[in-house]
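In the form predicted alone, a lone chain appears below as structure tokens.
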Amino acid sequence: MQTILVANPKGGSGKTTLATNIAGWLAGKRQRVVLEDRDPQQSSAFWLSRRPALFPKVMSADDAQHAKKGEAPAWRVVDSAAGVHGDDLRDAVKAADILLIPVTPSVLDMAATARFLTKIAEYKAVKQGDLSTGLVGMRVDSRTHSSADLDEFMKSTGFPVVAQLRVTQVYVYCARDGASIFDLPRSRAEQDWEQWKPLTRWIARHAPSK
């Protein structure tokens, strides 16, 4: 099973939005995927509880645990807890194949992310390049100075900038309805599909063969 860890110790950085939409994308590609919610707020679990049965299936951790032989998930998407640190963070990073770090155009988010990146840069898998690690800009409005600051910050970190996703109510509606943007009709989500292409291609390119 391939594990995508979505992590940033700063609450409100967009971890759940990123994790649920990655899970929805994989499910739409007919991949068996489990969404594991490690945040005490259980936002991803709430999203799963509202997901319509007719949409491509995303397993909960309980579903995956009781899956029949041959039906076990091929992918695990982990929505990590805000404030994750110490041994919990080290263990999560060690178990991951891909690490995605969402960042919003906020001074506080960027400062917290800078500290987080300094910390994980000490980990052997990150230092040696064995763990594919990328940054994703969240709630980006290219017309604002704060988004320009975010772009400059991400480029300065030395980590790959995988994608920048716009600020839009589409993600709010998806969270409410248990949907991902990949479950929506083209008329509602085409612009967002285009923004996600670099991200989905990056995941596909960096996913190790198993």
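Don't overthink the numbering: it's just position in the shown sequence, from 1. Predicted model, so just to flag it, every value in this text is computed and none were measured.
Heads up, the form predicted together with a small molecule isn't pictured, but that's what we're talking about next.
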Task: Contact test in the model of the complex: residue 139 vs the small molecule, heavy atoms, 4.5 Å - done: yes
Task: residue 166, heavy atom within 4.5 angstroms of the small molecule in the model of the complex - done: yes
Open item on the list: Although the partner isn't part of this model, could you tell me whether residue 148 comes within 4.5 Å of the small molecule in the model of the complex, counting any heavy atom of the residue?
Closed with: no
TODO: Evaluate residue 24 for contact with the small molecule in the model of the complex, applying a 4.5 angstroms cut-off between non-hydrogen atoms, and reply yes or no.
DONE: no
Open item on the list: Within 4.5 angstroms, counting heavy atoms, which one of the listed stretches 46-54, 59-67, 169-177, 155-163 is next to the small molecule in the model of the complex?
Closed with: 169-177
